Structures are given as structure tokens and as C-alpha cells.
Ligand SMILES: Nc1ncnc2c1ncn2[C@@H]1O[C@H](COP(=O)(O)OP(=O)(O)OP(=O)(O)O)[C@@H](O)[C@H]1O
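Taking the form predicted on its own, here's one chain by itself in C-alpha cells.
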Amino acid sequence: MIEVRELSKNYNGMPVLNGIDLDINDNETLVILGPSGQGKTVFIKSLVRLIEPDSGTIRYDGIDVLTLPKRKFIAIQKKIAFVFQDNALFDFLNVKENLSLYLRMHSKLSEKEIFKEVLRAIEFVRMNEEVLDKYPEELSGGMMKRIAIARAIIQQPCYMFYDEPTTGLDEANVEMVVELIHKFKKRVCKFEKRVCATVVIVTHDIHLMHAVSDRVVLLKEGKIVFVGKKEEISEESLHRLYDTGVRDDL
């Protein structure tokens, strides 16, 4: 479980996160929904310490990670994977090297064992070995997203974070991302030796929210204004909340 209390972050004196309190339950898929500029990405990056908040607490299974030195946070960090909006693949590495890098740095597996894990990850995202020698610039947007997801799941994490995973994708690739999010939930976390998949997704994509969420959080100006089931959210309520025309991408 992730417990967030009084989480705040300012930039240039302006509040981006404003005293957020939230519990993220084990094995749930939580979607943080809202248009751009509401603090969603700052929040999700704060949860994994890619951004250091100004105040508050974030507890993973009772441990306040914000009080841990970076070197002690590594043990928890190994349970966490993050899929970036821009995929964040290394453009000077081919797909095989991108996927192998984490295991080379954080495991004692042999090269043969690492390659087996790479093949499993590629199979997970429904791709084949032909892609392994390609570089990111040779891949389509949908292929890069699938490789980014493969790189994340190769860690066998307990916690998976996605930042705007469907942005810029066509309908077929959006459906593929939906499928992979559901599929990940059935994997066994190597740290817990059981099915233990907590998923947190930041998105402005209403279709994705409806397709995958167990609970939904709405952020407005850095504050949580709603936590509940997707069935409780209507297009009319979103229109009123954000004072914007209702579109499929919010």
C-alpha cells in the first residue's frame, strides 16, 4: 500500500501540489485523471522520487520513503517501474540493449539468462526477436511504447506507474496499451512471490480511464477534488469541474 499525506510542491512560489492525501491500495489500478496543468505528472513523479516534494510523507508498506537516503531507497525502488510519456528509451542503444540495461546494472544474471528475460519481455508486449536490433528512431510510436512497457515489466515490479501512456497513439495502439495494463496485473512480483501489481496511471484519456480503472482521482490545481469509482464520473460533471468542452481526451 502507498500512503500519501499532506504532499506539497511549489515552483517559483506557486503551488503545484497542495496538501494531497491519498491511499493507493495493493493490487488496484488507480487512474489520476484531468487536463494538463493540474499537477498530475508532478504528483506521479513525486511518488517515485523523480521529483522531490517540498513537504509531506509517502509511505510504501509503512516506510516513509522521503526520509530515506537515496542509497536506502534503492531497495524500494527495485519494486517500482515507470513508463514515461515520451518512453525515455536511450537512442544510442538498440532495443535489446535498452531492455538488458536494468538487469545488467541490478542483477547477477548471466548474459544468457538476461537474454531469456529480454525475450520474455518482448513476447509479453506481442513483439518478436526481429525488433531487438532496431534503434528507437526506427520504431513507430506504438512500437516504442510497447518497448517502454517491456523495459518496465522486465523488472517484475510490484508497483507500475504510467505517465500519459496513450498520448499520440492511434486507436489500435491504445487498445494494445489497455491490453498490456490488464495483462501486467496477472504477473507475479519477484519481490513478493505472489500476484502483487499496483498500477497508477496519469492520463487525460477518458477512454483509458473507463477501460482499466478500479478507482479514479480527479486533480484540479494541485488538489484532489474527487476519489471514487469511474461510474460516478459523468461528462457533465467533468465539464462543470474543469469548465471545458467535454472530449474523449478531456
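Quick note: we count residues from 1 along the sequence shown, nothing fancier. The structure displayed is predicted, hence computed values, not measured ones.
In what follows, reference is made to the form predicted together with the named molecule, a form of this protein that is not presented.
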Review point. Residue 209 near the named molecule in the predicted complex, any heavy atom under 4.5 Å?
Key: no
Practice item. Determine whether any heavy atom of residue 41 comes within 4.5 Å of a heavy atom of the named molecule in the predicted complex, and answer yes or no. Key: yes
**Study point:** residue 67: touches the named molecule in the predicted complex, heavy atom cutoff 4.5 angstroms
**Key:** no
Exercise for review: Report whether the minimum heavy atom distance between residue 16 and the named molecule in the predicted complex is within 4.5 Å.
Suggested key: yes
Review point. Of the listed stretches (210 to 218, 31 to 39, 178 to 186, 52 to 60), which one has a non-hydrogen atom within 4.5 Å of the named molecule in the predicted complex?
Key: 31 to 39
Practice item. Establish, in the predicted complex, whether 3, 25 and 151 all lie within 4.5 Å of the named molecule, using non-hydrogen atoms for the distance. Key: no
Exercise for review: Note that the named molecule is not shown here; using its position in the predicted complex, name the residues of 2 to 34 with a heavy atom within 4.5 Å of it, in sequence order.
Suggested key: 11, 12, 16
